[in-house]
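This document starts with one chain, in the form predicted alone, laid out as structure tokens.
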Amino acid sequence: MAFSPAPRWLRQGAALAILIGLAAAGASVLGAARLPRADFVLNNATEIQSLDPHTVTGIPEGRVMRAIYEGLTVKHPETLAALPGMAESWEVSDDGLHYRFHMRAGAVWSDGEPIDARDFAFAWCRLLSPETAAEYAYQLWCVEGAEAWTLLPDDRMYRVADGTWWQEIAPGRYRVGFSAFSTNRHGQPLHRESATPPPSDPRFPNNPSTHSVGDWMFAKWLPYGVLAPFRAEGAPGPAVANELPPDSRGEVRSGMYDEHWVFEVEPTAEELATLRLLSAAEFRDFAWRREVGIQASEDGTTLDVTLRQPTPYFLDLCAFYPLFPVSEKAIERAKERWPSSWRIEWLKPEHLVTNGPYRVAFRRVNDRIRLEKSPSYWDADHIAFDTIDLLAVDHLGTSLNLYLTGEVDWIDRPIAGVIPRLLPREDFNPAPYLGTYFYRVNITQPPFDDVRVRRALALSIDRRAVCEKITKSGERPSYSIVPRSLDGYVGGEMRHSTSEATYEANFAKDLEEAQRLLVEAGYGPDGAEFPTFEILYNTDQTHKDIAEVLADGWSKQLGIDAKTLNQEWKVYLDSQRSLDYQVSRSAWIGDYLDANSFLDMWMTGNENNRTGWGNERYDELIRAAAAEPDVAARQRLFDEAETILMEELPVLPIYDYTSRNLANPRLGGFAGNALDEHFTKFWYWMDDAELAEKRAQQPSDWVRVPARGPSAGKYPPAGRDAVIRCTLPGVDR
């Protein structure tokens, strides 16, 4: 339930004049080169990384991607339920493993080329490919065979006939093992009773059929006959690697063994030539067609997807921008025309081919992206705005002033200090949503490789002070990575003494424990001096304020010195990816309404982990949860996993988010929802009559503000009755 905007006594003393005087300077960032105003202007807060949906992460990027591309599904602006997008309809099998999407007839790219299921198969292959290095590739690992395909090592040769891989470890000497597609087809574990030992071969006394590791027969891992092409004289017997998984684990997940292997051989050149080994790239192409559960029909009208386990949020993923399509023909044209620079050229607005409600008219780096309505979009008759500008203003004071003076129609973050004066207004309605604010810790660097140090830092964060004195929008202190606003979820928390009722007394206990832990870790008056470290944050006044408050608290309470380091968005993300930081401000907004969106990213080696942390038991629990159909059992797995994460604390939770949108009251189709996601295709301007209807439902003591925009409204060509009716700001809270 959303928070009440403000008590009556606070509202009655508020006035717009207080706010208008906040930032008299910078009434416009447009300057002398002022452009004709777009139909709608929002502040996107920063320059985005790229226009490639498969390589970006972040909220600013997501806003642009949802405007210029469209997935198989789109989300309802209020409920977030899956609606038809590029797929007109779909069927799901009773076991939840098989999806068939029926593509929208007549849909085309912005260059007029038809778009069909084959475009999605290409795009999903590109997302999963190691060459793309997509941070969100793991989101498609729910598809049968996809994880093994992505993680296939490139330093080996593969033999399709018997599923073996071959790696030359010395001249003429090869290490031989198995492909996951053969030993562990589609991620399904093998069972001991399914292994039938082949007949003994008298030429090889150490035949793998008779050699076992624990209860695992080598027949399980090595098909009979692999050694047959090689002469007995001088050929070494199979050397068994001790690391082979015991029967109790019985599942090979990562594709080809990196550390585990079966045996070594020394074939002659003639024998080696008979094996017809494929390169990793060739084998990956073979495996995609045969083993990965993504298949487009020959005519492109249907896309069949087979999952390795039921994934209840799969339709939500289909509306998530990493799964958006890209034009294969446009990329191939760029490769032919600009062989050395095609990765840059195909993303330039004049070359970019998209399929969403809008296309990029132009992009001015560090200024704006202008979008224009795409006349080729299948649902163009229901798109109201002809042009939309997304500004890249990272200064919160300037951003707020642009909104208050009517230059901008929506901002998502006002200055925290003025929030009490914004609360009475009809256009400001903070509410909980599925996001968490935390600090990452680089555990590969001492002293942060010591969990006692990380726990000391976590316990000594005054979360109430951050929420009440800095953010001021009803945020709640957090001791977990999954926001507690997620309906039906109860997970693990970090151990702490504080509670809402007795915060001050119990926070003192947490400080005592933090000080004790630091002494135990060897720091303090009788120990080593704690090294000075940096808190990294991206450009934003709130992030700066929080970093300074935490640095001050750690100095006063623990006697340690922390400096703050500000970096621009792209540089900041690169620093996190390369682990070129010590402690870093971070946040995560759910990609879909499920705890998995906050938990699977901390698995060992996940691209979004960015802490250096990994835990084998944690990985097992997340994998087990992915395959668990029972809701209660899945919850227990997540609970244990989050408890592990909050015990080891590679991340320090601080607070759960609330939305802080300031939006023009005339804006229609802009709904509050659990992910605070907003969709350009549903936006329009209300006329005066509809605006009056909306205001008639608001509490009488709400302060009305200017509703700039056309009094006649701006509705889609299909008319006023064609817009999606949803909860609007100021109606149902």
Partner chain sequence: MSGPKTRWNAGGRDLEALFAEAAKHKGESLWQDAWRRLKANRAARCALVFLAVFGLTALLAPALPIPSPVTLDLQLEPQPPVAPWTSFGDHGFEPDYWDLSAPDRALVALRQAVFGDWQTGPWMGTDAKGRDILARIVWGSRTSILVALAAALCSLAIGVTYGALSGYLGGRVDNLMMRVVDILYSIPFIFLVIFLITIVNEYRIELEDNFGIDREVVFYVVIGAIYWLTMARVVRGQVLALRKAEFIEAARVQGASTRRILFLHLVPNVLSVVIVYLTLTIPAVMLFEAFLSFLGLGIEPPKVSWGLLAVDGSESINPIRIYWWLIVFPAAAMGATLLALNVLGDGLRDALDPKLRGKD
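Numbering follows the first chain given and starts at 1. What you see is a predicted model, and the numbers here were worked out from it, not measured in a lab.
One more form of this protein, predicted together with its partner chain, exists but is not displayed; see below.
Contact annotation for residue 146: none of its heavy atoms lies within 4.5 Å of its partner chain in the model of the complex.
Proximity of residue 337 to its partner chain in the model of the complex falls outside the 4.5 Å heavy atom cutoff. Using a 4.5 angstroms limit between non-hydrogen atoms, residue 541 touches its partner chain in the model of the complex.
Of the heavy atoms in residue 370, none are within 4.5 Å of its partner chain in the model of the complex. Only one of 386, 113, 450, 534 lies close to its partner chain in the model of the complex, with a heavy atom inside 4.5 Å, and it is 534.
Just one of 140, 422, 318, 303 comes within 4.5 Å of its partner chain in the model of the complex, counting any heavy atom, and that one is 422. Proximity to its partner chain in the model of the complex, taken as heavy atoms within 4.5 Å, picks out 400-408 from the listed stretches 325-333, 491-499, 400-408, 85-93.
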